[in-house]
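As a starting point, one isolated chain is supplied in C-alpha coordinates, in the form predicted alone.
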Amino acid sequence: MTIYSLYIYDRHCACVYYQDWHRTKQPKRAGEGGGILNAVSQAVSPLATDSAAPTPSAFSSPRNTLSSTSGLVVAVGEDPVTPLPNPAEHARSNTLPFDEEAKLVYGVVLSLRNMVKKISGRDEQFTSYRTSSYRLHLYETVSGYKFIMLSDAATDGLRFVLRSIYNGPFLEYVVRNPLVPMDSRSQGIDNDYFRASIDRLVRGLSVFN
(Lines give C-alpha, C1' and ligand atoms only; values in the text may rest on other atoms or scores of the structure.)
Protein backbone atom coordinates (compact mmCIF):
# COMPACT_ATOMS: atom_id res chain seq x y z
CA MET A 1 0.00 0.00 0.00
CA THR A 2 1.24 3.46 -0.90
CA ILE A 3 -0.53 6.53 0.44
CA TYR A 4 -0.02 9.63 -1.66
CA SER A 5 -1.81 12.52 0.00
CA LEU A 6 -4.55 13.71 2.35
CA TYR A 7 -6.97 16.61 1.91
CA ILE A 8 -9.47 17.87 4.49
CA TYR A 9 -12.34 20.14 3.40
CA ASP A 10 -14.75 22.01 5.64
CA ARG A 11 -18.49 22.41 5.15
CA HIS A 12 -17.87 25.57 3.10
CA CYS A 13 -16.04 23.46 0.46
CA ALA A 14 -12.67 25.02 1.37
CA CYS A 15 -9.52 22.94 1.71
CA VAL A 16 -8.40 23.48 5.32
CA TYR A 17 -5.56 20.95 5.49
CA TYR A 18 -3.15 19.15 3.18
CA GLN A 19 -0.37 16.60 3.73
CA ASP A 20 1.50 14.25 1.41
CA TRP A 21 3.75 11.20 1.72
CA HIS A 22 4.59 9.76 -1.71
CA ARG A 23 4.14 12.28 -4.49
CA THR A 24 6.31 12.01 -7.57
CA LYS A 25 5.99 15.65 -8.54
CA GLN A 26 5.74 18.82 -6.50
CA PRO A 27 2.54 20.87 -6.95
CA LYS A 28 2.86 24.55 -7.63
CA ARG A 29 2.27 26.87 -4.74
CA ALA A 30 -1.13 28.53 -4.71
CA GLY A 31 -1.29 31.80 -6.60
CA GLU A 32 -1.78 35.10 -4.85
CA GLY A 33 -5.50 35.65 -4.36
CA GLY A 34 -6.21 32.11 -5.50
CA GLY A 35 -8.53 31.44 -2.59
CA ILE A 36 -6.42 29.08 -0.49
CA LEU A 37 -6.83 29.64 3.24
CA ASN A 38 -3.97 30.48 5.57
CA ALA A 39 -2.46 27.56 7.54
CA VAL A 40 -3.38 24.76 5.13
CA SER A 41 0.24 23.73 4.56
CA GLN A 42 3.44 25.76 4.33
CA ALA A 43 4.44 23.59 1.38
CA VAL A 44 1.64 24.90 -0.85
CA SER A 45 0.84 28.32 0.65
CA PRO A 46 1.18 31.25 -1.77
CA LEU A 47 4.39 33.23 -1.72
CA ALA A 48 4.30 36.97 -1.17
CA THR A 49 6.38 37.46 -4.30
CA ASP A 50 7.83 35.16 -6.94
CA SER A 51 11.31 35.63 -5.51
CA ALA A 52 10.33 35.15 -1.87
CA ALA A 53 11.60 32.07 -0.10
CA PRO A 54 9.10 29.64 1.44
CA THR A 55 8.38 30.15 5.10
CA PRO A 56 9.74 27.18 7.05
CA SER A 57 7.38 25.31 9.34
CA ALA A 58 8.12 24.55 12.96
CA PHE A 59 7.26 20.94 12.23
CA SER A 60 10.47 19.21 11.23
CA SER A 61 9.09 16.09 9.53
CA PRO A 62 10.58 15.57 6.04
CA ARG A 63 7.02 15.11 4.76
CA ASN A 64 6.11 18.69 5.71
CA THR A 65 7.69 19.90 2.47
CA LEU A 66 7.16 18.43 -0.96
CA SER A 67 10.21 17.16 -2.82
CA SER A 68 10.48 16.08 -6.42
CA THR A 69 10.81 12.48 -5.26
CA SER A 70 7.76 12.29 -3.01
CA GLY A 71 4.60 11.18 -4.77
CA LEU A 72 1.91 11.20 -7.41
CA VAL A 73 0.61 14.32 -9.11
CA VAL A 74 -3.05 14.51 -8.24
CA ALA A 75 -4.39 16.96 -10.79
CA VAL A 76 -2.68 18.38 -13.83
CA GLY A 77 -3.81 20.15 -16.97
CA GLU A 78 -7.34 21.35 -17.56
CA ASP A 79 -8.91 18.46 -19.45
CA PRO A 80 -12.63 18.51 -18.52
CA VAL A 81 -13.13 14.93 -19.67
CA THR A 82 -10.46 13.41 -17.40
CA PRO A 83 -10.50 15.30 -14.06
CA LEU A 84 -7.62 13.25 -12.61
CA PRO A 85 -5.32 12.18 -15.49
CA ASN A 86 -3.19 9.07 -15.38
CA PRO A 87 0.56 9.34 -14.65
CA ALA A 88 1.53 8.84 -18.31
CA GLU A 89 0.05 12.25 -19.07
CA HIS A 90 1.93 14.08 -16.32
CA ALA A 91 5.10 14.66 -18.30
CA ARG A 92 3.12 16.34 -21.09
CA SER A 93 1.05 18.56 -18.79
CA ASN A 94 1.71 21.52 -16.56
CA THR A 95 1.03 21.05 -12.87
CA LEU A 96 -1.84 23.11 -11.53
CA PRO A 97 -1.33 25.59 -8.69
CA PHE A 98 -2.40 23.97 -5.44
CA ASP A 99 -5.55 26.08 -5.06
CA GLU A 100 -6.76 24.82 -8.47
CA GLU A 101 -5.74 21.26 -7.61
CA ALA A 102 -7.73 21.39 -4.37
CA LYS A 103 -10.81 22.68 -6.17
CA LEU A 104 -10.50 19.98 -8.80
CA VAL A 105 -10.22 17.17 -6.25
CA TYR A 106 -13.26 18.48 -4.37
CA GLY A 107 -15.22 18.91 -7.59
CA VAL A 108 -14.57 15.31 -8.63
CA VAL A 109 -15.75 14.02 -5.24
CA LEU A 110 -18.85 16.22 -5.22
CA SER A 111 -19.82 15.20 -8.76
CA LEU A 112 -19.39 11.48 -8.11
CA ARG A 113 -21.21 11.66 -4.78
CA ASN A 114 -24.18 13.42 -6.40
CA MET A 115 -24.19 10.91 -9.25
CA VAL A 116 -24.25 7.98 -6.82
CA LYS A 117 -27.20 9.47 -4.94
CA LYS A 118 -29.16 10.09 -8.12
CA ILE A 119 -28.54 6.62 -9.52
CA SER A 120 -28.68 4.50 -6.35
CA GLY A 121 -30.82 6.57 -4.01
CA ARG A 122 -30.07 8.84 -1.08
CA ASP A 123 -29.23 5.94 1.24
CA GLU A 124 -26.28 4.89 -0.92
CA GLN A 125 -22.92 6.40 0.06
CA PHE A 126 -19.99 7.24 -2.19
CA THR A 127 -16.86 6.09 -0.34
CA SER A 128 -14.17 5.51 -3.00
CA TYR A 129 -13.36 5.03 -6.65
CA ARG A 130 -10.48 3.39 -8.44
CA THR A 131 -8.62 3.98 -11.69
CA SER A 132 -5.72 2.04 -13.18
CA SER A 133 -3.19 4.23 -11.34
CA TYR A 134 -4.74 5.42 -8.05
CA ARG A 135 -7.67 5.08 -5.67
CA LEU A 136 -9.55 7.91 -3.96
CA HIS A 137 -11.05 7.33 -0.50
CA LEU A 138 -13.70 9.54 1.14
CA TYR A 139 -14.91 9.85 4.72
CA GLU A 140 -17.50 12.53 5.51
CA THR A 141 -18.51 13.62 9.00
CA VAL A 142 -22.00 14.62 10.11
CA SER A 143 -20.72 18.20 10.47
CA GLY A 144 -19.80 18.32 6.77
CA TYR A 145 -16.02 17.84 6.93
CA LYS A 146 -14.66 15.68 4.14
CA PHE A 147 -11.47 13.64 4.57
CA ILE A 148 -10.04 12.58 1.20
CA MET A 149 -7.05 10.31 0.78
CA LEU A 150 -5.31 9.20 -2.43
CA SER A 151 -3.45 5.90 -2.59
CA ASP A 152 -2.17 3.46 -5.17
CA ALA A 153 -4.82 1.51 -7.08
CA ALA A 154 -4.12 -1.80 -5.33
CA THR A 155 -4.91 -0.44 -1.85
CA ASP A 156 -8.03 -1.70 -0.11
CA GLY A 157 -10.52 0.76 1.35
CA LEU A 158 -8.98 3.32 3.72
CA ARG A 159 -12.11 4.70 5.34
CA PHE A 160 -10.93 3.18 8.62
CA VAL A 161 -7.76 5.29 8.38
CA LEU A 162 -9.72 8.46 7.65
CA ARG A 163 -12.11 7.64 10.50
CA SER A 164 -9.13 7.15 12.80
CA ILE A 165 -7.75 10.54 11.77
CA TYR A 166 -11.10 12.13 12.57
CA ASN A 167 -11.66 10.31 15.87
CA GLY A 168 -8.05 10.79 16.96
CA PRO A 169 -5.93 13.78 15.85
CA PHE A 170 -8.83 15.85 14.47
CA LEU A 171 -10.96 15.69 17.61
CA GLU A 172 -7.96 16.03 19.90
CA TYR A 173 -6.03 18.87 18.24
CA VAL A 174 -8.72 20.67 16.23
CA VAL A 175 -12.23 20.28 17.67
CA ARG A 176 -11.11 20.39 21.32
CA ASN A 177 -8.49 23.08 20.75
CA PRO A 178 -9.95 26.56 21.44
CA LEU A 179 -7.03 28.16 19.58
CA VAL A 180 -7.93 26.49 16.27
CA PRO A 181 -10.61 28.47 14.42
CA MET A 182 -13.19 26.23 12.78
CA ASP A 183 -15.53 27.43 10.03
CA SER A 184 -13.74 30.78 10.00
CA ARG A 185 -13.63 30.90 6.17
CA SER A 186 -10.22 32.55 6.48
CA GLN A 187 -7.98 30.11 8.36
CA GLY A 188 -6.94 26.49 7.86
CA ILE A 189 -6.42 24.00 10.66
CA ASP A 190 -2.74 23.13 10.28
CA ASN A 191 -0.72 23.01 13.48
CA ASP A 192 2.40 21.14 14.54
CA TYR A 193 0.72 18.63 16.87
CA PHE A 194 -2.05 17.81 14.40
CA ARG A 195 0.37 17.32 11.50
CA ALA A 196 2.81 15.23 13.56
CA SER A 197 -0.01 13.07 14.91
CA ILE A 198 -1.38 12.33 11.43
CA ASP A 199 2.12 11.56 10.20
CA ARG A 200 2.66 9.05 13.01
CA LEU A 201 -0.74 7.44 12.45
CA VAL A 202 -0.22 6.98 8.71
CA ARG A 203 3.39 5.82 9.02
CA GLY A 204 2.31 3.39 11.72
CA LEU A 205 0.15 1.42 9.32
CA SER A 206 1.63 -2.06 8.98
CA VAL A 207 1.61 -1.93 5.16
CA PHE A 208 2.67 1.70 4.71
CA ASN A 209 5.40 2.08 2.05
Partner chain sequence: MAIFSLWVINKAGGLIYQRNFADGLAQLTSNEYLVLAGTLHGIHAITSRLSPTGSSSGAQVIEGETFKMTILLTATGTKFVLLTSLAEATADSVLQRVYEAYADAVMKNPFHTPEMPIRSEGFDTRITSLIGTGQP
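Positions refer to the first chain, counted from 1. Given the structure is predicted, the values throughout are model-derived calculations rather than measurements.
The form predicted in complex with its partner chain exists for this protein as well; it is not shown, and the discussion that follows is about that form.
Peer 1: Mind checking whether each of 24, 108 and 115 has a heavy atom within 4.5 Å of its partner chain in the predicted complex?
Peer 2: Spot residues vs its partner chain: full contact, yes.
Peer 1: State yes or no: in the predicted complex, is some non-hydrogen atom of residue 101 no more than 4.5 angstroms from a non-hydrogen atom of its partner chain?
Peer 2: Yes.
Peer 1: Do residue 36 and its partner chain share at least one heavy atom pair within 4.5 Å in the predicted complex?
Peer 2: Answer no; every heavy atom of residue 36 is more than 4.5 Å from its partner chain in the predicted complex.
Peer 1: Is residue 159 near its partner chain? Define near as a heavy atom within 4.5 Å, in the predicted complex.
Peer 2: Flag for residue 159 set to yes.
Peer 1: Is residue 150 a contact residue for its partner chain in the predicted complex, using a 4.5 Å heavy atom cut-off?
Peer 2: Residue 150: yes, in contact with its partner chain in the predicted complex.
Peer 1: Going by heavy atoms, what in 127 to 149 lies within 4.5 angstroms of its partner chain in the predicted complex?
Peer 2: Residues within 4.5 Å: 127, 128, 129, 130, 131, 132, 133, 134, 135.
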